[in-house]
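Taking the form predicted alone, here's one chain by itself in structure tokens.
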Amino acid sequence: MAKVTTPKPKETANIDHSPPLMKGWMNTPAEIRPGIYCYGAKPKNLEAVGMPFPKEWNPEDENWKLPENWKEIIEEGFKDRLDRFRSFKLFMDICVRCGACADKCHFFIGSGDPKNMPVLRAELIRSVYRKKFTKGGKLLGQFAGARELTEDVLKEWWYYLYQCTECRRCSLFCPYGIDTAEITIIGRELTNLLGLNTDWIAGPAANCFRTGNHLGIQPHAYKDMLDFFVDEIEGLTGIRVDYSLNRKGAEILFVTPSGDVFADPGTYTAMGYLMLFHYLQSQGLDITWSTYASEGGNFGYFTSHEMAKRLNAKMYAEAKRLGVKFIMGGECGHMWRVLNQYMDTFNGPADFLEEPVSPITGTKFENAKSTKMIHLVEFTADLIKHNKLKLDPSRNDHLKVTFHDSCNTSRGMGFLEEPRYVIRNVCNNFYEMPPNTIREQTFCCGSGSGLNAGEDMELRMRGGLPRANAVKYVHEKHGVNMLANICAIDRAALPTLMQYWVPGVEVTGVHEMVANALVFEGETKRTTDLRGNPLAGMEEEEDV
């Protein structure tokens, strides 16, 4: 495929939001444009997880190599999901097309494409629903907002379903509570029945099924990377941290995204995990990592409910094999969306585990009664509240920090105060972005839900424009130079977004800053942070 050139920021920012002069959206086929879509799924990756109709295909080709009975497959899949998911049936029927969601989507804001309005993206599917499953649609056709399922319509579905990060910002503003992300999920399930996935989703899902993580990393490579972190930490602090892998009888199983272990800047967050756990060993923390449940994230969630369930199962399976009491998870977005909303239904009940209780403070995490799994950030916030960590926030004085609420942890599970509490205790310079861009109303990174590829860079930069705009505001007003978050996809996607829109702002996980501030007994004098950057006031020492 030809190399795609991403427009310069000045060109990307030239957006026309006025309604286009056209024949009507139903009669305007999608123009599948390079830079806005991800490559089609490779057959080997669909075959690895038993997905139907694996084939080599190019979204720009006219022939998508569909099976002869593709319409029947979609119609049967549609009917099955209408019967199984009451929410989906409700969302098909109750939208009044008021447009309250229209300007809330970062992809519409960044592109001006009316089919990226959540209401219209959902109408692409609703129009077929009306034609096939409602009397009015069957009798009145377009007068009732109904249309036939054709190849052009199917291509339009695919193109716009993969221009949605399922961030749910639109649902926050819907007066009827319609969750357009759920419509996107079902729509993707339907296209997957025909083998129409993207390889940026199918590849990680297949890797996770084969090896336990999205990157396809084997156990020895996972261990080698953790050993490398141990050496790096010793060089910076003089402390040789200790950790365990696959240890039976440990009290806690720790699961985190593989991106934290193998991709900068997430690697510094993983170093933070190791340092925190070592610090707490003397206080009674008994925790093990796993090379089998070596992925907290879940790209199956971007494929189908069934695939998400299959990939999520490894966490409970490994917890049972090791005989732990409960599970702790690292900083990840879609990992926690799946855990908070689906895990107990997908893979529970986890009766072999115990309700999590902090072995350091005795705090009972009643929010984890059903899943038996807690978030590391809430665990760390509880430690700070009980004065269990010796912290020197001045070690982060070279940073001026703002916080990006990851969509899945904020809107998806209401996780708002804990990360801010931790940041304020490990950092002296913290600045919030404008109120209508954070917390429940947070803007997406523009690259989640399997869109964090290289070939769709224009789409990502357009979708990330609203987030970048808010960062630019605090960058210019307060000199913010660091964007913190608690999501591995954010740590992978936001650095590129910042380089494009707000040069001078870097990206960090919260536990990287915790590790910077953590004071160990017997440590050597700290002159740099985990990245090797000099601490405030230590610049001259580093030059020497």
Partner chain sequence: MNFILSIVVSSLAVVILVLIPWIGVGALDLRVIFGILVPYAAMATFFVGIVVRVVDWARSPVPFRIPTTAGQQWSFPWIKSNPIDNPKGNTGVIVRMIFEVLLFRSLFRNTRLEYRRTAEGMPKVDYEWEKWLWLAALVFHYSFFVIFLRHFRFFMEPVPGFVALLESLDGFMQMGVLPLNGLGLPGVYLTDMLLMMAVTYLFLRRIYISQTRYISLPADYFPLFLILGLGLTGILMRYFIRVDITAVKQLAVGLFKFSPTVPEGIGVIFFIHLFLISVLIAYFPFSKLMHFAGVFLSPTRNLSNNSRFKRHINPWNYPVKVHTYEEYEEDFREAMIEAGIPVEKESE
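Residue numbers count along the first chain shown, from 1. Predicted, not measured: the structure shown is a model, and the values here were computed from it.
One more form of this protein should be noted, the form predicted together with the partner chain, which is absent from this view; the next part is about it.
- Checking 234-242, 254-262, 464-472, 444-452 against the partner chain in the predicted bound form, the stretch whose residues place heavy atoms within 4.5 Å of it is 464-472.
- Put simply, residue 282 is far from the partner chain in the predicted bound form: not one heavy atom of it is within 4.5 Å.
- By the criterion of a heavy atom within 4.5 Å, residue 13 is counted among the residues contacting the partner chain in the predicted bound form.
- The partner chain in the predicted bound form is not approached by residue 302, whose heavy atoms all lie more than 4.5 angstroms from it.
- The partner chain in the predicted bound form comes within 4.5 Å of a heavy atom belonging to residue 378.
- Contact with the partner chain in the predicted bound form, defined as a heavy atom within 4.5 Å, is made by none of 65, 147 and 166.
- Distance criterion of 4.5 Å from any heavy atom to the partner chain in the predicted bound form singles out 85 from the list 228, 431, 352, 85.
- Taking 389, 95, 153, 250 one by one, only a single residue has any non-hydrogen atom within 4.5 Å of the partner chain in the predicted bound form, and it is 95.
- Shown without its partner, the chain has 415, 416, 417, 418, 421 in segment 415-435 as residues with a non-hydrogen atom within 4.5 angstroms of the partner chain in the predicted bound form.
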